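First, one chain by itself: the form predicted on its own, in C-alpha cells.
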C-alpha cells in the first residue's frame, strides 16, 4: 500500500505538467478550432531550449524556463502569421496540413542539428521524505510551477482586456470584429500562448526525464488524451485531465508491466469519445 500511495503521489506531480502541455493544445482548439499537429515538436523545442540555456549559458534551468516561455510565445505568434493565418478560414484539413508541415520542419531541422541522441539536464534539487514517500524536488517544483501557470492563465483570460478579447473571439469571431476587436492579433496571441504552454511543459519535463528531438511526440499523444478527457476547449479541464492521466500512470505499473500504460491510456481515450465526447468536464469556449 505504501508503494501504491507513493506511485499515486508521483503520478499526480507528473499530471500537473501533463495538464500544462494539454492546456496549450486545447487553448488553440478552443479559440480558433485548429488542431495543432506541431504541438509535440514544440514540446521538444522547450526541452532543448532549457537544455541549451543551462549547458551553454550556465543559467539555472528554472530561470531558463522563463526564457523558454518568452521564446515560445514569440515562436507561436510567428508560426501563426507564417503558416496558420492564411488557412484559418479554410477547411480543417488545410490547418491540419499547415501545422503538420511545421511539425516536419521542426523535426527535420532538429534532427539535423541535435541528432537523435538523448540529452538530459544534469541539475538536481534533491528529494524530501514524508513517511514512506520520497518526493523528488524537481517534480515538486514542476508541479508548483504548473499550478502558478494555470492560475496566471486563468487570471489573464478573465481579468485582462486581452483575455476578454480572446474569449470574445472564441465565442463569436464575427461579432467580436464588429465590436472592434482586432481578431488577427488576438488569434496570433492565442496561438502564441498555446505554444508557450507547450514549450514550458517541455522545459519542465526536461528537468527530470532524458529527451530527444522526437520525445515530444509521446507528450503530444498524451495531450490529445487529456484534451478529450477534460473537454476540448476547456483549459482548466485539461489540468484535471492531466491529473487523472498522471494518477493512472502511477497506478497501472503497480499491477502490470509498464508497456500496458499507453494501451490503457488509449482505451480510455476511445471510451471517453464513445461515452462522453464532450469530456468529463465538458467542452468550453
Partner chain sequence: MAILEIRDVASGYGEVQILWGAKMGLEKGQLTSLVGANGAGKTTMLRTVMGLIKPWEGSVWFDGKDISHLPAHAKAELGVVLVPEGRQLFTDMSVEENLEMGASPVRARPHIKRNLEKVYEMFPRLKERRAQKGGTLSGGEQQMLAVARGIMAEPVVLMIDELSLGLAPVLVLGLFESLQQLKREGITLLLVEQNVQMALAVSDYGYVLAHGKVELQGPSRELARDDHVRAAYLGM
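All figures in this text were calculated on a predicted structure; none of them were measured in a lab. Positions refer to the first chain, counted from 1.
Separately, the form predicted together with its partner chain exists; it is not shown, and the next lines address it.
- Although the partner is absent from this view, residue 182 contacts its partner chain in the predicted bound form, with a non-hydrogen atom inside 4.5 angstroms.
- Residue contact check for residue 125: none of its heavy atoms lie within 4.5 Å of its partner chain in the predicted bound form.
- Taking the partner from the other structure, its partner chain in the predicted bound form has no heavy atom within 4.5 Å of any heavy atom of residue 88.
- In the predicted bound form, at least one heavy atom of residue 176 sits within 4.5 Å of a heavy atom of its partner chain.
- With the partner omitted from this view, the residue of 136, 168, 74, 105 that lies near its partner chain in the predicted bound form is 168 [heavy atom within 4.5 Å].
- In summary, among the residues 94, 120, 172, 111, the only one with a non-hydrogen atom within 4.5 Å of its partner chain in the predicted bound form is 172.
- Heavy atoms within 4.5 Å of its partner chain in the predicted bound form are found in exactly one of 160-168, 111-119, 190-198, 140-148, that being 160-168.
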